[in-house]
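To begin, one chain is listed below as structure tokens, in the form predicted alone.
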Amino acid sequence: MSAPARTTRTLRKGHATPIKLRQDAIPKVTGKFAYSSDLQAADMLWGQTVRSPHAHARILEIDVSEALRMRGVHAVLTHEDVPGKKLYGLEFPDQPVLAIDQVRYFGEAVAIVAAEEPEQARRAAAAVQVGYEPLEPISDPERATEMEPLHVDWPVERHGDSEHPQPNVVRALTIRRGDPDAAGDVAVSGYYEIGQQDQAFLGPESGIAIPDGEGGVDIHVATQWLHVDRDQIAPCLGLQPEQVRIHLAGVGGAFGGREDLSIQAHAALLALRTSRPVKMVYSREESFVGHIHRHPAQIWAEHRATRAGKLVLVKMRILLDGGAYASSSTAVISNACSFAPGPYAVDNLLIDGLCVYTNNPPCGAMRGFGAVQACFAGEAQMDKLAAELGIDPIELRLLNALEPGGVLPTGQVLTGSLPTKDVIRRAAALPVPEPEELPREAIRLPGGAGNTTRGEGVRRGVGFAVGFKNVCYSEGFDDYCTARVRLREDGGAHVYCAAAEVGQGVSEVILQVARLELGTDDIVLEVGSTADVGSSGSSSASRMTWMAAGAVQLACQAALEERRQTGVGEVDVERVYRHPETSPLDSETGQVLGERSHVAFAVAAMRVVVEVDVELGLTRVVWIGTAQDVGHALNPQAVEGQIEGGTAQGLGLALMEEIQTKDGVILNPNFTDYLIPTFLDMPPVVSELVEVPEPDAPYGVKGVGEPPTVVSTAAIVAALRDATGRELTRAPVRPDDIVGL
């Protein structure tokens, strides 16, 4: 086989570096890549979790005696065995390591077991006797503020918020600017719902904890944020941070679902209790309750405009179901409100956002968090408005497009790059494929190989949508990334960075930057570990390319400068990169208290062609064309891969993906009943990369993974509306929504 072609990309004026084949490409394709579930250690035990069968119940007693007597069992632990703090949490500590006096969601961890073999651990877990008194679950988020509080004595000082007068409020946010009663010539309104989506990553939660014999522990795990894992785990174990070392193991996808803890604290507790390594691997069913999901949303919207199509007022009320624990819900509701109007200029806004606790599965970060839900509603409203005005939907979007110099809903003046009009025009200009003639192969009809339609009732539809989202963390969060570079005397170098490689390709970005700055290909990227380098932050929020590139660039330049000044061949330096400072939002008005609440933004536009059998409710996405603002694409092929992957997840939310619950209990925790797109569901995706470098970012880069997910659900459902003539105000769209049952 001939060697793969290399593409040279300019990182900054006068410098270029070749793009090489990803180091993990061949191992992943051939099945040789070592994921966290493949880890082994001598003399290791297997861990298993005892989980609640109830969404809400009081714990009356836990009897572990029978389980402890079983063959091969070395430990059975409950909350009483947690040596340090009993609570943890991504934003603030509201979640118990193991349930204490009650369970708040179906599948919550109540006890953990360690045994010689996996089957022994499973049997011992089944033998743990837990007495429950079932309580009425809060399953309807609209009723949550009228119910008894799920949490008491929990922190309320978040983002400058004061304690909310109603119970079960994670965060309430109002963004108010201009006149909330401003009149327009035309008004349209709507109510929209978005279901709960799972990240559905390839590898379920897994990892191994190894005691060091001195009271500390090494945890090898698939995660998105090594140092925050450590900072949550160490207090629960009663240890100092340096005694808990988190090492990045092979990650089989993440998409936000690995930001929160899963096996980390449990495996460590068992390992320290037994003085032996403990491995834990979730089943697929367990994974559905072992991580957070995308927030289901209910959105009420009203748009007012002049007869010429200029937006006058946008009003929205957004309700998010946060589930039993907060996770990153405070940031998600903020994003949903901040991006509710879409990338459009409008002087008058009233956005009311509320995220509540319920006894439904916990929700948190998922690709595009908050912006996905807002885009679905906002873009449906723009299409409604275009129809009411008799204006072409694309022209309406161009007329109102937000660009640099414009003002965001939070009052922030938009600086940097955001080529909204160019992105819209380039997406709209992509040539749509001609309709295929009938008859044709069943696989190329709605319903696929099932051959339930021959094409008689099939209609074609074309949809268009635009969406945008922030890049990096916001609202005053101390967002930084650390990199360490060790130069060897022979001219090579080792780079240390705790940026989690979750499949997005940040490892290749780090290597590409290091090769450029150091002028050599002899670069070794060490495995991310809290033991070797400071925090890099999370692989989320479209931040990692920007932040890691900045940190590695600083560290490389500092290492070369130290060698030049000292003349020493062996140099070891660590540097921290921070992006421009952000500020919180005013708790009363939602207006930014400083120069900016968000660092930068990326916009995408998408055009979609679908076919729908309107008599059977079957759908087929025929073609997707998209243009995306990518700043400066360090690796265009990787960018296109991110666009295709993000589009696939948006397609899943549009057509098939939804966690079904009844009274908080998940009814479809498997890939037989929870459907995700396959290759046969994905159409050709044509991508236009719009490169306008971001002035504040290293090399002008932007994160690219989230905008395609933000916009694709809205665009696909818009195409379904065009084909069917139905409003289709809920995602995912079900067959009976189309046929009107």
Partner chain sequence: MKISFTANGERAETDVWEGESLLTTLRDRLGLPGSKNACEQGECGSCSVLLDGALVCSCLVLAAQADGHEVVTVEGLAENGEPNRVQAAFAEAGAVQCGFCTPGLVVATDDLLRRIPDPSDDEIREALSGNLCRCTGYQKILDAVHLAAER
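Residue numbers count along the first chain shown, from 1. Bear in mind the structure is a predicted one, so any value in this text is a computation, not a measurement.
What follows is about the form predicted in complex with its partner chain, which we do not show.
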query	finding
Its partner chain in the model of the complex reached by all of C375, P409 and Q628, non-hydrogen atom within 4.5 Å	no
Segment assignment from 203-211, 483-491, 81-89, 576-584: heavy atom within 4.5 Å of its partner chain in the model of the complex	203-211
4.5 angstroms heavy atom contact with its partner chain in the model of the complex for R721	no
is_contact(T174, its partner chain) in the model of the complex, heavy atom dist at most 4.5 Å	no
is_contact(P683, its partner chain) in the model of the complex, heavy atom dist at most 4.5 Å	yes
Contact test in the model of the complex: A187 vs its partner chain, heavy atoms, 4.5 Å	no
In the model of the complex, the residue from Q199, T274, Q381, Q298 that sits within 4.5 Å of its partner chain by heavy atoms	Q199
Single option in R563, R459, R444, K421 placed near its partner chain in the model of the complex, where near means a heavy atom within 4.5 Å	R444
In the model of the complex, residues of 490-506 near its partner chain [heavy atom within 4.5 Å]	V502, G503
